[in-house]
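This document opens with one chain alone, in structure tokens, the form predicted alone.
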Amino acid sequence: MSTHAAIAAHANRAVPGYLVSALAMSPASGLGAVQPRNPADPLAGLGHAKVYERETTLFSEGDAAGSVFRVMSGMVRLYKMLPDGRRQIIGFLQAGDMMGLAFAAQYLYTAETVTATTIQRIPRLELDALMDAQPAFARKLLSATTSELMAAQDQMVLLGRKTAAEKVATFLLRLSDRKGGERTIDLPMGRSDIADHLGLTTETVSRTLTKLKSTRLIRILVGGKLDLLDRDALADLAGGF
């Protein structure tokens, strides 16, 4: 099996074809910044980048999948609609994350911006050509896809067995890990988004955050930010997140 075919097979196995931090990006990338062409970044010269306002649909589940996308700044939510009409958020993507990687005829989920977000749109044919021309890059993408698929499967199992407090603590710690373990994290999504991601009600998420705040494990800041006041205690609560 070719590397390209292997990537497609992994991306189609379990829902979604998206990838968290597949490739390094310039640390200078900021909100609204368009990624410069960078020889160290194989994707830098592909497609084009555009800034989208918050709550903008980038593509919908079932749309023809002609492109892949990379988040340059901001945040994107990915979700699927369940048969009973409920929404299941399957991920929140940030700078460096990719979506639309399943190599299927149609997108497997809907992608919407949570904040003002800069997105690099790469025609699938351009990505195909890059992987054919640079096998080392294709292998790196396959390796990252495999690792993230395993992590996503482990996360689904863990969240399915956790209490509400354990789920919220795990969610906050994973956001912190995305920022290198920093104490202050961005929390621009609403309580309903968190609920739809963790399989909880909005009221349960709000009560849980209030409890974590009252026990001085977290501090809720203005501007969609939150401080983790006691990471060790949160990790204990998360139960080995």
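Bear in mind that the values here come from a model prediction, so they are computed numbers and not experimental data. Numbers follow the displayed sequence, beginning with 1.
Note that the form predicted together with the DNA isn't included here; everything after this is about it.
Asker: Report yes if all three of T163, G190 and S206 come within 4.5 Å of the DNA in the model of the complex by some heavy atom, otherwise no.
Answerer: Per the other structure, all of T163, G190 and S206 touch the DNA.
Asker: Pick from G199, G62, G45, G66: which has a non-hydrogen atom within 4.5 Å of the DNA in the model of the complex?
Answerer: Comparing distances to the DNA in the model of the complex, the residue within 4.5 Å is G199.
Asker: Answer with yes or no whether A233 is in contact with the DNA in the model of the complex, where contact means some heavy atom within 4.5 Å.
Answerer: A233 lies outside the contact set for the DNA.
Asker: Does T215 make contact with the DNA in the model of the complex, using a 4.5 Å heavy atom cut-off?
Answerer: The answer is no: T215 has no heavy atom within 4.5 Å of the DNA.
Asker: Using a 4.5 angstroms cut-off on non-hydrogen atoms, would T210 count as touching the DNA in the model of the complex?
Answerer: Yes, contact at 4.5 Å.
Asker: Mark L229 yes when one of its heavy atoms lies within 4.5 Å of a heavy atom of the DNA in the model of the complex, and no otherwise.
Answerer: Although the DNA is absent here, L229 would stay clear of it in the model of the complex, with no heavy atoms inside 4.5 Å.
Asker: Pick the stretch from 112-120, 163-171, 132-140, 89-97 whose residues have a heavy atom within 4.5 Å of the DNA in the model of the complex.
Answerer: Checking each option against the 4.5 Å cut-off leaves 163-171.
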